[in-house]
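There is one chain below, alone, in structure tokens, taken in the form predicted alone.
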Amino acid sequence: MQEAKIIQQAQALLYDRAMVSWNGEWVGAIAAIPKQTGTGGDLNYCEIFIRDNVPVMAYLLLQKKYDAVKNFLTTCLSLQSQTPQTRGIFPTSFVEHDGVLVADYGQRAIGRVISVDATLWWVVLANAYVRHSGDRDWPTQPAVQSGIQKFLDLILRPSFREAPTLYVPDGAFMIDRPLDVWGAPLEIQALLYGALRGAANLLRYAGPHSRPHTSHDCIRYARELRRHLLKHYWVTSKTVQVLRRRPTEQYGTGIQNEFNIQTETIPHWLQEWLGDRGGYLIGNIRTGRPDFRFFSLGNCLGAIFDLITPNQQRSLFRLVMQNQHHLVAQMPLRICHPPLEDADWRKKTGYDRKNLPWCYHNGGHWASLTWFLCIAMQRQSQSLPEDLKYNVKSFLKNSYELMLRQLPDQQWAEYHDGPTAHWIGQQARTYQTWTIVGFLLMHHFLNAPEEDSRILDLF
């Protein structure tokens, strides 16, 4: 099938099959298109997820369909939780039932865990909408400002921890099944940073009425969070060597090993993975239990939001280039590396059959993630050294061509399994919306002006 026809097919699937209308206007896209029109689909894949609509809304912004994005954001805002325990939380998903929009705040989810990332993504998308549409009236509305204040009440409330990170249970973000990602996982911290900076921008449109949380509060918190993440999450070969030689069992304020990390917790595969010039943000920091796994989305967001410096972004890109055989193989992009195996898989996932090693979120490959890496790299393309610039350009082109050759024939599968991503995921849904739109975004960014790659920029 010719490329132009594939693009047309993907656009038709999005606009004609995935998008949902409510009161005559689009309110978002379902997670996966059912095989037959009118069927309920499997589980909740026919619901509208905030997380799954991130690429959809980014694509609609690039296509200048601003009203659709505003309606999605406003609809989600109307569903923000008002109950005492979850006040300020945005729903994981929502669906129309008997003429009413019904939201899921975790009460229907597998494992009953709420998706914390949905709330953070709403603020990031709201900021992107205002920046790219030029709509300065929408954020001035009392409902929008009230929603942001409720979000900040939730995020900034006192807790039993001094660290500026957001503490969440296992399965509270895109990795929505047990995978030993509880605590302060990277993806949530990167999104928290983006949401705080986005909220700071949106609060500048607030009127003179009382507002307990200010733009200054958000910026101060974001700076503290960034310092914490750069100190404890960023690793290179040099920082790992320093970490390995730090003393343990220290007490007081001037200690070197704040989380009492033992040398035995540092895996040997890091030597080859990092090389001499690579660097990345590790998956988690917990007392005595650092998680050195590479999580693709959290690292991409760290670059997109400029949480890591330009020099660190170049180190990240070199690490990706060096480890293409792991992260891309026959389909970009592996969600995390390495997978949990054997006893670790059994104990830490609770024998989760969907998260078998090299499957689903446990080392599986998700084409929908590739556009995040694409814009992270393209934002810095002009400032990259010539050798890295050439390698990045070739890498992105090859990744797109892998998607172009395979995804239409594989019916836009949700994810891919195996060490080389050769197999369609064992439980993958077909015609997955964010696979379709992730492909459209890759095509757009590789053919559009460089400024389009700044679609999620915070500044």
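So that there is no doubt, residue numbering starts at 1 and follows the sequence shown. Values in this document were obtained by computation on a predicted structure and should not be read as measured data.
Not on display, but discussed next: the form predicted in complex with alpha-D-glucopyranose (GLC).
Peer 1: Within 4.5 Å, heavy atoms only, one stretch in 172-180, 126-134, 375-383, 230-238 touches alpha-D-glucopyranose (GLC) in the model of the complex. Which?
Peer 2: Partner-contacting stretch among the options: 172-180.
Peer 1: Determine whether any heavy atom of Tyr45 comes within 4.5 Å of a heavy atom of alpha-D-glucopyranose (GLC) in the model of the complex, and answer yes or no.
Peer 2: Looking in the model of the complex, residue contacts with alpha-D-glucopyranose (GLC) include Tyr45, since a heavy atom lies within 4.5 Å.
Peer 1: Does alpha-D-glucopyranose (GLC) come within 4.5 Å of any heavy atom of His361 in the model of the complex?
Peer 2: Residue-level check for His361: yes, a contact with alpha-D-glucopyranose (GLC).
Peer 1: Indicate whether alpha-D-glucopyranose (GLC) has at least one heavy atom within 4.5 Å of a heavy atom of Tyr59 in the model of the complex.
Peer 2: The answer is no: Tyr59 has no heavy atom within 4.5 Å of alpha-D-glucopyranose (GLC).
Peer 1: Residue-level contact is defined here as any heavy atom of the residue lying within 4.5 Å of alpha-D-glucopyranose (GLC) in the model of the complex; does Tyr400 satisfy this criterion?
Peer 2: Contact with alpha-D-glucopyranose (GLC), no.
Peer 1: Which listed residue (Arg51, Arg405, Lys393, Lys70) meets the criterion of a heavy atom within 4.5 Å of alpha-D-glucopyranose (GLC) in the model of the complex?
Peer 2: Flagged contact: Arg51.
Peer 1: Heavy atom within 4.5 Å of alpha-D-glucopyranose (GLC) in the model of the complex: which residues of 409-435 meet that condition, in order?
Peer 2: Contacts from 409-435: Glu414, Gln432, Trp434.
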